[in-house]
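We begin with a single chain expressed as C-alpha cells, specifically the form predicted alone.
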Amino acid sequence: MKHILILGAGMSSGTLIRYLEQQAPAYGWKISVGDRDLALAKQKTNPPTRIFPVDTAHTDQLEAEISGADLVISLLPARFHPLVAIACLKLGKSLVTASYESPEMKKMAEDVKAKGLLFLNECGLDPGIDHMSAMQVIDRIRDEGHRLTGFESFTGGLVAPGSDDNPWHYKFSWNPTNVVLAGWPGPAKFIQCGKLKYIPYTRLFRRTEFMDIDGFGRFEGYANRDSLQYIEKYNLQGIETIYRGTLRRPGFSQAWNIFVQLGATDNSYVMENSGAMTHREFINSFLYYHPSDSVEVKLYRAFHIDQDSPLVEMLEWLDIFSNEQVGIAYGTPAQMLEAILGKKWKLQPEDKDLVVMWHKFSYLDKVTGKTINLTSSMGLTGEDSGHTAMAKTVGLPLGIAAKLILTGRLNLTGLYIPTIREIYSPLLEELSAAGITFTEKVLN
C-alpha cells in the first residue's frame, strides 16, 4: 500500500485531497494530511484519510511522518519547503510542490538525482499550468520549424460574474498576503522588442494593458516582478519580447495604485500603536495634517480624485474610513491593509471564483516569413467558496502528478518543473478531461 503524505490543508488543498481520496481505492493508497489546524484538516478530508497536527518547528515529528510516506506533497507556505525537502532528501522520499523552485531547492539538484528521487516543483496553477500550457505551444511552434519572437502570459484569480458584487470585481480566492504584496518592492523586469524594460513599484499599477478573453470578458494586466527568469525556464534565449503579468478587471489597478502611493502596501516596518488603530486612523496616518479637513477630503485632494469618480465608490465600499478597529497588533502597513480588505473581500459560501489565463505567442512563419500572433486562453469557474477554481487549478496538477509518479508513468529522477513533454503531456491530457482546457486563436 502506497502512502501519500500531504502537508498543509489551506485554501488550495481541497481539490487535491478530494482527487486523491477518489483515486485511492483503485490504487490501494493510504493518505495522511497534516496541518497545524486540525479542525481545518478534518473539514477538508473524509475517512479513512488520516489527519494529524504538524509543527514545522518540531523537525523530529516532521521527519517521522515523512519517513512513513512513499510520496510527499507540500502545500505549506513556501518558506518551509526547503525544510521539507531536506527531510525528504535525508529519508529518500520524492516531493511535489506547487511553489516556485527556490535557490535552496536548486542547490539540492545533484543530491536528489544521486539518490534516485524526483522533486517536482511549480506544479500548480501559476506556477504550473502556465508552464505546461505555454510549453506545449512553444514546442509545437519549434517542431514546425517556425521562429518564436515573442511570448506574453497573464494569469488572474478573481470572482466569477454573479459573485462580483462589489465595484472592485475582486475577492480573495488565494493567499491574501501575496495579493497585497504583489510587485512589492519591485521593480518589474521584462524585454520588449529586444529592449530591457523596468517598471518601478511606484508606477507598476499605472502601466497596464487590456485584453479580451472569449467567454469571460475584458481584463487589464500589470507586470509581474521578473519575466526574465522565464528565458531560462522555457529555453527562450534571444527572444525579442517576453512579458508576464497578472489579470484583474478594468479599473482595479488604478484604484489599487492609491494604496501603493499612500504607502499602505509597505511591509518593511511595524506601525506604532497599530493594535489600537481604526480603519480611519490607519488611512489618516499617511495623510497630511489639517485641523478641519476630513480624512476623505484629504485623501481625495492628495490624489486629485473628483467626487463623482468611480474611485470614490471603490474606496468607500472597502470601509476604509470606518471607525472599526483594524485588529492587528504590531502590524506593518501591508498587514494592516490586508486585515481591512479581508473583511470585505472574503468569499461568501455561495460565491464562485474565476481563474483566467491568457498566452500570446508571436512567431515568424517558416514559409511566408510573416509574423503570426497566436493566443491561447483558459477560464474556469469554481463550484462555491469551498471548491474554488483556484483550488482546482492548483490541486489537480499536484494530484495528477502524484498519480503519475506512484503508478510509474513518470520515471524521472532529479529536480524538475513541468516544462518538458514527459511531464506536461499526460498532465494536460487529464486536466483537459477535467474541464481545464485552452482555446487557441490566430489574431492576424
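All residue numbers are counted from 1 along the displayed sequence. None of the values given here were measured: they were computed from a predicted structure.
Keep in mind that the form predicted together with a further copy of the same chain is missing from the display, and what follows is about it.
Full three-residue contact with a further copy of the same chain in the predicted complex, heavy atom 4.5 Å, for T202, Y269 and E272: The answer is yes: all three residues contact the partner (heavy atom, 4.5 Å cut-off).
Heavy atom within 4.5 Å of a further copy of the same chain in the predicted complex - the one residue of Y330, W317, F303, Y100 that qualifies: Of Y330, W317, F303, Y100, the residue with a heavy atom within 4.5 Å of a further copy of the same chain in the predicted complex is F303.
In the predicted complex, the one of F286, W174, W345, F80 near a further copy of the same chain [non-hydrogen atom within 4.5 angstroms]: Among F286, W174, W345, F80, a heavy atom within 4.5 Å of a further copy of the same chain in the predicted complex occurs only for F286.
In the predicted complex, segment of 118-126, 68-76, 258-266, 149-157 with a heavy atom within 4.5 Å of a further copy of the same chain: Comparing against a further copy of the same chain in the predicted complex, the contact stretch is 258-266.
Contact of A276 with a further copy of the same chain in the predicted complex (heavy atom, 4.5 Å): Heavy-atom contact with a further copy of the same chain at 4.5 Å: absent for A276.
Partner contact for P167 in the predicted complex: a further copy of the same chain, 4.5 angstroms, heavy atom: Although a further copy of the same chain is absent here, P167 would stay clear of it in the predicted complex, with no heavy atoms inside 4.5 Å.
Interface membership of R218, a further copy of the same chain in the predicted complex, 4.5 Å heavy atom rule: Judged by the heavy-atom cut-off of 4.5 Å, R218 is well away from a further copy of the same chain in the predicted complex.
Interface membership of V367, a further copy of the same chain in the predicted complex, 4.5 Å heavy atom rule: The answer is no: V367 has no heavy atom within 4.5 Å of a further copy of the same chain.
Sequence-ordered list of residues in 221-258 near a further copy of the same chain in the predicted complex, where near means a heavy atom within 4.5 Å: Sequence-ordered list has one entry, L228.
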